[in-house]
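Here's a solo chain for you in C-alpha cells, the form predicted alone.
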C-alpha cells in the first residue's frame, strides 16, 4: 500500500509515520514544513514532499505521482491560529480537505482517515457525558472547520463510496509542544518539571480536561484505519483518553519528578473556556467497532515523556 500522511512532520503525523515505518511501510510525508527533526532515524524509511494542502495542484500531484492508496489527513491549522486568522484556516482546513477528498475521488484513493477534534462539540455542552451522538455546536473556528470536513467526508462516503473515517481527539500530550493552546498546560508542566524550571499552571487544581498521549493518538488513528470496513459503522469516533484534574496531573508528575516546581495561577477566562469542555468522554463506539483501548494512562505517559526527553532531546528543542 502507498500511504500519504498530510501534516506528516507535525506532532501526531510524525508519530504515525514512525509507527508505519517500523511496520515496514514507506509513507510519503506531505507537509508545508519540510523539517526533518521529528523524523529522526526515519530519513531512509520515508519520502518527504514539501507541499500545501490548500494548493489543489500540490495535492493532486503528490497523490498521482506516488499512486497513493491511503491518506492519513492530519494537516491543518490548529485552534489558536485558526481563531486568530480564520481566513487562512478556511483555506487550509476546509478547502485543503476538499482537495484531499477530490483527489481521492478522481484518482482512486481507497481510504481517507481524518484527524478531527473534541472542539467540534463546542463550549455549551449540557450533557454530562460526551459521546458520538452528542450534538456538535462548535464555537471556535477550528472546530467549525473540522465539523465541515467530517460532513464532507460523510457525503463523499455516501455519494462516491469513499472509505472515509476519522478520530475526534482530545488535548494531545507530548514532548516538544510549541503551538500555543489553552490546554497545553499538560505538556508544558511535564516538560518544565523535567527541565527543573518553575511553571505556572493557568487553571484551578479542580479543572478537568480530557487528554491523550501523542503515541496513543497515532495508534488510535492507525487502528481505526486498519479495521475492516464492515466493522466501521459510526465512521468518525470521539476519544477521551485520560480525564484528570490539574491537581491529579501535578501529583503524578511529582511521583516521577519530586522536585517539580509547579504552581497554580489561574486565568479565569481560560478556566471558563476549558470548563465548557470538561466532560468525561464515552469511547464505547471506538471500543466496540475497532477495539480501541488506551495504551498510555497517566503514569506511563509521564514515564515515556521523560524517557523521550532524555534520549532524544534534539527532537524536542
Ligand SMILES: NC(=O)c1ccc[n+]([C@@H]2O[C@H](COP(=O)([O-])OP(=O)(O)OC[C@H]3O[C@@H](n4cnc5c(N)ncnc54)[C@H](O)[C@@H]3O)[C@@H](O)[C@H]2O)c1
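Numbering follows the first chain given and starts at 1. What you see is a predicted model, and the numbers here were worked out from it, not measured in a lab.
As for the form predicted together with the ligand, it is not shown, yet the points below apply to it.
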Location of the ligand contact in the predicted bound form, chosen stretch of 241-249, 195-203, 142-150, 224-232 [non-hydrogen atom, 4.5 Å]: 142-150
4.5 angstroms heavy atom contact with the ligand in the predicted bound form for residue 81: no
Interface membership of residue 267, the ligand in the predicted bound form, 4.5 Å heavy atom rule: no
Distance check, residue 31 to the ligand in the predicted bound form, heavy atom within 4.5 Å: yes
Contact of residue 169 with the ligand in the predicted bound form (heavy atom, 4.5 Å): yes
In the predicted bound form, residues of 1-21 near the ligand [heavy atom within 4.5 Å]: 7, 9, 10, 11, 12, 13
